[in-house]
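Before any questions on binding or motion, here is one chain by itself as C-alpha cells, the form predicted on its own.
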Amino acid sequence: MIWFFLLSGIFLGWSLGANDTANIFGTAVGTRMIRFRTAAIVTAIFVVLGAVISGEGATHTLGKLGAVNAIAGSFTVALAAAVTVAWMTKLKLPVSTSQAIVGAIIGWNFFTGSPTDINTLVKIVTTWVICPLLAAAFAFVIYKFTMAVLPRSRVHLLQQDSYNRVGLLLVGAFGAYSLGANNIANVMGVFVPANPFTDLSFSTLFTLSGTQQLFLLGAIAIGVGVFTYSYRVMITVGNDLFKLTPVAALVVVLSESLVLFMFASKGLEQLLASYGLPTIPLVPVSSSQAVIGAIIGIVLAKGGRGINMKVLGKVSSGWITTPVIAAVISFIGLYFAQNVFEQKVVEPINETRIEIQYQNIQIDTLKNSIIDEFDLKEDIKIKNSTKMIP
C-alpha cells in the first residue's frame, strides 16, 4: 500500500522531468548545439546526484508551510501538483512545479483546517519574484562581459563552436545538479513527515537515510520524465520565446543554474552567516522562472527587442494560475480520498499529550525556581554566619 501512495510522488517527478528539466538544456537543444539524447543522459545523472546529496535544504522550508503528516494526504497533495504540471506540459508551457506543490499544500491546509505559516509563505512567494529578477541580472552581466571579451580572444569560429558545446554540457550538468538539489523538495517533500523508509546502511561505506531514499526514487522518476516527454517543452524554451545564439544559450543556462544553486546550498548559507551577511533562504524556486528571467536578461543586454510577447504572456499566465489550480484540485482530491475512499488524510494532533507536556514544563519551571530560591537563602545564611565570626 505504501508503494501505491508513493506513485503520485513518482508521477510528480515524471512531470517535473518532462517540464522543468527542459529549462536546463532547452536552449542548447533548441539551438542544435547538443543532441536531445545527450542532454537527457547528462540531466538524468546529475539530477539524481543533486537530489540525493543536497536535496534536504529546501525541503525543510517547504515542510514549515504545511506538514502533511498522513501518507494518504501526501499522496493526494502530490497527485494534485502532478496533474497540474502534466496538464500545463500538455499545453507546452514551462510552468513552475514549485508553485504547483505550494498551491497543493495550501489546499491541504484549507481542507484539514491546519494553519498556513504566513512567514514561510511570504518567504516562498518573495522568491518567485526575486528568482527571475536575479537570473535576469546574472544573464545581463555575464552576457555583457562575454561579448566584451570574446571579440578580443581571436578564437577561430570552429574552435569557438567546440568550446560552446563543451561549455553547454558542463553548465548543463551543473544546472541539472542544482535542479535536483532544489526541486526534489517539490517532488518528495510532502512525503517526508510520513516517510515510510528507514535508514539503509551499506556495510561501512555509507548510509542512505530514509529521506535520501525518497529523494532517489523521485530523482529516478525525474530522469524518466526527461527521456519520455521533455523534448516538446525544450523546443518552446529554446526557440519559441526568443531566438538565442549558442553563446546566449550558454549564458542563460549558467545564470539559471547559479540561481537554483544559491537557493539550495546549505554551504553557501553557512558561509554567509559566518561573515555576518544576510543569508539566502533555502527554498525550492522555479527553474522555469529562472530560465525565462535569464532570457529576458539577454534580451535587455541586446537592446530589448525581439522577444515574443505572446509566448511570454502565455507563460506568465501559467505561473499565476498554477498554484490556484493545484490548490483547488488538492482540496477536491482530499475530499474524495477522505469521504469516498475512506482514507486518513491527516493525523490528529494529540492535544492531551501536548497539555501534559505543557504541564510538565510548568512543573519543571516551578521546581527550578524553588531550588534557586532555596540556594539563594542558603548563600545568605552562610554569608551572615561568616560575618558573625570574630
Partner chain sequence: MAVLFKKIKNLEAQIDNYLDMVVKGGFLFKQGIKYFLEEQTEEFESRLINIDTTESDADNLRRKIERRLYTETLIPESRGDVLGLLEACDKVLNKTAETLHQFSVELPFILPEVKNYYLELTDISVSALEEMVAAVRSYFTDIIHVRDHINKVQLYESESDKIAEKIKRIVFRSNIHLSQKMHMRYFALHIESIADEAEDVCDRLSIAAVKRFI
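All figures in this text were calculated on a predicted structure; none of them were measured in a lab. Positions refer to the first chain, counted from 1.
FYI, the form predicted together with its partner chain isn't displayed, but the following is about it.
Asker: Under a 4.5 Å heavy atom criterion, is residue 33 part of the interface with its partner chain in the predicted complex?
Answerer: Answer yes; at least one heavy atom of residue 33 falls within 4.5 Å of its partner chain in the predicted complex.
Asker: Quick one: does residue 155 come within 4.5 Å of its partner chain in the predicted complex, counting heavy atoms only?
Answerer: So residue 155 counts as contacting its partner chain.
Asker: Although its partner chain is absent from this view, report whether residue 151 comes within 4.5 Å of it in the predicted complex, heavy atoms only.
Answerer: Residue 151: contacts its partner chain in the predicted complex.
Asker: Is residue 108 close to its partner chain in the predicted complex, meaning a heavy atom pair under 4.5 Å apart or at it?
Answerer: Judged by the heavy-atom cut-off of 4.5 Å, residue 108 is well away from its partner chain in the predicted complex.
Asker: Heavy atom within 4.5 Å of its partner chain in the predicted complex: which of 308, 114, 245, 213 fits that? Just give me the one.
Answerer: Contact check passes for 245.
Asker: Find the only residue in 302, 314, 232, 123 having a heavy atom within 4.5 Å of its partner chain in the predicted complex.
Answerer: Only one listed residue qualifies here, and that residue is 302.
Asker: Looking at 287-295, 143-151, 265-273, 128-136, which stretch has residues with any non-hydrogen atom within 4.5 Å of its partner chain in the predicted complex?
Answerer: Contact criterion met by 143-151 only.
Asker: Need the contact residues for 156-174: heavy atom within 4.5 Å of its partner chain in the predicted complex, sequence order, or none if there are none.
Answerer: Result: 156, 157, 158, 159, 160, 161, 162, 163, 165, 166.
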